[in-house]
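Given as structure tokens, the chain that follows is alone and in the form predicted alone.
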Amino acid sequence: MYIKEYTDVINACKTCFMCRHVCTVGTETQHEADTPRGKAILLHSILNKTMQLDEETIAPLYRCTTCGACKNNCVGNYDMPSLIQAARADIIEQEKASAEVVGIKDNILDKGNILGLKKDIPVEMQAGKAPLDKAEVLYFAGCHTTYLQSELAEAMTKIMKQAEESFTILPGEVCCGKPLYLLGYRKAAKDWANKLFQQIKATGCKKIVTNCPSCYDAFKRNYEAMSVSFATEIEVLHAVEYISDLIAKGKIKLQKQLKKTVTYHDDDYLTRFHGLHELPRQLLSAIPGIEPVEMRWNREEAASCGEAGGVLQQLYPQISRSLAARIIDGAVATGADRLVTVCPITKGALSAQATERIDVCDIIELMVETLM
């Protein structure tokens, strides 16, 4: 079993409850099985064959967002997110995945995206296509931007065109494969990554720019773990890194006064796994007229929206909505006019719960506003 590789995590976490107060799902459901300690006890029992993987024991393992809040608060640096993903790999290997989990996998393999929508990229995304087949920069939009929030693709391509950057996109762009990896489909994820990597290399790009943290994390961490590494050939940048570089080189200038009070929601992947919590704040502060304010929980301690890879949103929509509503409450309490994200999945989840209480936007949309 894959969880045998994490026996040290299981043994340490099954007797410790010091991170339960920061657990994204555990604090919401108030179920012990949803806390890191509860899952460690469950996996200890499975490892020692006093329990087995069945519908009841599998469910908490997929309710985890793998957001990293527990690891961030662990004095021993025990890696609970990796343990959970190992457990999911065991579930897949034993062919015990739920119909919902299998459905997400089938959406990606059959339709090319987690949403199960038709393969053709919508007209809105095609309108943002660069005229080049090959270029130094490849813009990788991701499933949620492409199919649900094409306005983000439009904003990103406007920035790139104003900077006079030569760029392209992948014709018929498909999912990065992150959900496959998250759900435990290790072989399928590796096969998918190898195929996509070859398509990306064929563009001749030296940089990949994406506004999706899940895609960013997949390319930088998951692909490397599967020995499909961009590191020596292609640089991977999130939109905030790329835009910051454009500003530093004088390729774009922030001109228009926005006169808004904004609060920033820290993304799990960018913040906890890649240390990118100050750069988005620096971009916001550079916008003329912007007044940044902080939510009570911010940076590495930020509350998670639970939208990693878009998986929880599909498997447990009610929990997803509750987590998003909690973030909205925190943002409204700051008195801000806008809640700013750096993730299309998170933006979608938060916007659905915001109603008329606060405006939700992506940081690249703010950038376009101040460039105009």
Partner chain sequence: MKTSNSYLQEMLYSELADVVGREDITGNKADKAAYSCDYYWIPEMWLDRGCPNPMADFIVHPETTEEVSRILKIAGNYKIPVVTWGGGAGSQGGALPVYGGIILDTKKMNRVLNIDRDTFSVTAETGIITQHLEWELEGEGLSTMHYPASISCSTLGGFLAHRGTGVLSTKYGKIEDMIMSMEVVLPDGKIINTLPVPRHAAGPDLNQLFIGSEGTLGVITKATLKLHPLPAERQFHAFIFKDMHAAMQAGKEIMLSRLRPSVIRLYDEAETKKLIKRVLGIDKQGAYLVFGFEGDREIVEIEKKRAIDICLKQDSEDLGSEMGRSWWKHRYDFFYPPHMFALPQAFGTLDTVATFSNIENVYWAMKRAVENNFPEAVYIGHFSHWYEWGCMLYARFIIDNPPQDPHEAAQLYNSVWDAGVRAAINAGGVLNEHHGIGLKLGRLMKEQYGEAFSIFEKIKEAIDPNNIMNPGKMGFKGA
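Residue numbers count along the first chain shown, from 1. Computed from a predicted model, the values in this text were never measured in an experiment.
Below, we turn to the form predicted in complex with its partner chain, even though it does not appear here.
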inquiry  = Please determine whether each residue of T27, S45 and N73 possesses a non-hydrogen atom within 4.5 angstroms of its partner chain in the predicted complex.
reply    = yes
key: its partner chain contact at R321 in the predicted complex, heavy atom, 4.5 Å   = no
ask   = P60 near its partner chain in the predicted complex, any heavy atom under 4.5 Å?
value = yes
ask   = Taking heavy atoms and a 4.5 Å cut-off, does T15 contact its partner chain in the predicted complex?
value = yes
inquiry  = When the contact criterion is heavy atoms within 4.5 Å, does K249 count as touching its partner chain in the predicted complex?
reply    = no
task = Name the stretch: of 340 to 348, 327 to 335, 49 to 57, 304 to 312, exactly one has residues whose heavy atoms fall within 4.5 Å of its partner chain in the predicted complex.
result = 49 to 57
